[in-house]
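Only one chain is shown below, in structure tokens, and it's the form predicted on its own.
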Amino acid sequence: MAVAKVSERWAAMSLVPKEEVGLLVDGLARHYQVIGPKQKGKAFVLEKLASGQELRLDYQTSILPPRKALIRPRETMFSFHDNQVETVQDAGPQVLFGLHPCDVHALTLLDQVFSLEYEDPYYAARRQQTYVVALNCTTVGENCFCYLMGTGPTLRDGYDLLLTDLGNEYLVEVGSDAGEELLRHLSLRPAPRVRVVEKEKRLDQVRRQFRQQMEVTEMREVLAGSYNHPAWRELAKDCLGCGNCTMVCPTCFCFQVKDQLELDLNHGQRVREWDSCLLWDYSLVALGHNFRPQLETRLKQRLYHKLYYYEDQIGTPGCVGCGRCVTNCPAGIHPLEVVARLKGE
């Protein structure tokens, strides 16, 4: 994977006019599969770009997070027939273009999750061939709270190339050896250092736009003493248990594995697909026992894992403040409002 902290080695910066960003994508597409934000109805999705004209960098957030490019919503792990096993080959190197800082941060969390004890070979193979062209945020979405979680609106590491909107052009910064390699396929003009000053001014303006005020350490303290709080029962009355929040979350990683056999028992495939701790059958085991039959306990597990257990596992909260769960929740449940309710506010 091409992820590194920025150092003096990559001090050179470039500029690309906004009208030429599409050409930049077309240049990369000659060597890589480019996945970026494009419009779908009134929303935006991260999908393969047929050309640079489809790219929309003015998006707030995508429906599904970039993890879908590394952990497929549904994928065949291998197939078998007549005692022969065939593994599935991926398309090759890919560039995730225009990812916001919160989503880049989410990828760094998934890198740890899928390599902590046992490396996931499917994730690792894709990650090794994935390059990240990130985009600093210069606007704040209605449900964004990345600043509170320390994951945005700006980015310091975890990228190969980083873009910042300066009005009529983008500042391009290199963050890794792979980023330098990407630029070799492109022709960009050098950026004067004064443009960096303009970048910092723009990003400072964005930071002032955030409304939510709560410390991450405060959230842990509240949750630590609120497991049996009566508010959970009331929240469960609002929650539909649909799993929307987990499906759009950039750091959720649960999946289930199924073997699908043909009637002759000589042909079949092993498939894995996204799963959700909010669904009733997620904790269902053999002989019909369910460890979390009540929706209240599943809702509690979801939020405790994101804001408490995740930090115990890898040292940082599992929420990056992208706001997708709020946007896509039919009941409008907001993690920060849940914590405030537990706090008594």
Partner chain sequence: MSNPYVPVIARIERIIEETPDVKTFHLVTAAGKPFAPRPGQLAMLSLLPVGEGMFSVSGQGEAHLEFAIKKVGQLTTALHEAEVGQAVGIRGPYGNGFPVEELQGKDLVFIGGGIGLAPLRSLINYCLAHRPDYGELLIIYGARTPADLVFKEELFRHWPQAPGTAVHVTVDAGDAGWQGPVGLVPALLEQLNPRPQGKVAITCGPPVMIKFVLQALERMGYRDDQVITTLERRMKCGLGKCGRCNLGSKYVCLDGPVFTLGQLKALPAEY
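Numbering follows the first chain given and starts at 1. All of these numbers come straight from a predicted model, not from anything done at the bench. Definition used throughout: the rigid core is the maximal C-alpha set that superposes within 1.5 Å between two forms.
One more form of this protein exists, namely the form predicted in complex with its partner chain; it is left out here, but the text below deals with it.
Partner contacts here mean any heavy atom within 4.5 Å of its partner chain in the model of the complex, and among 27 to 35, 279 to 287, 54 to 62, 316 to 324 they occur only in 279 to 287.
Between its partner chain and the residues 215, 259, 234, 204, the one pair within 4.5 Å by heavy atoms in the model of the complex involves 259. Site annotation in the model of the complex: the residue of 77, 242, 196, 186 reaching within 4.5 Å of its partner chain with a heavy atom is 77.
For the chain shown alone, residue 114 is a contact residue for its partner chain in the model of the complex, at least one non-hydrogen atom being within 4.5 angstroms. Taking non-hydrogen atoms only, residue 157 never approaches its partner chain to within 4.5 angstroms in the model of the complex.
In the model of the complex, its partner chain sits within 4.5 Å of a heavy atom belonging to residue 85. Taking the partner from elsewhere, residue 169 is found to have every heavy atom lying beyond 4.5 Å of its partner chain in the model of the complex. Contacts between stretch 240 to 273 and its partner chain, counted in the model of the complex as any heavy atom lying within 4.5 Å, involve 253, 254, 255, 256, 257, 259, 261, 270, 272, listed in sequence order. In a rigid-core overlay of the protein, residue 117 has its C-alpha displaced by under 2 Å between this form and the one not shown.
Core-aligned CA deviation for residue 142 between this form and the one not shown: less than 2 Å. In the core-superposed comparison between this form and the one not shown, residue 194 has its Cα shifted by less than 2 Å.
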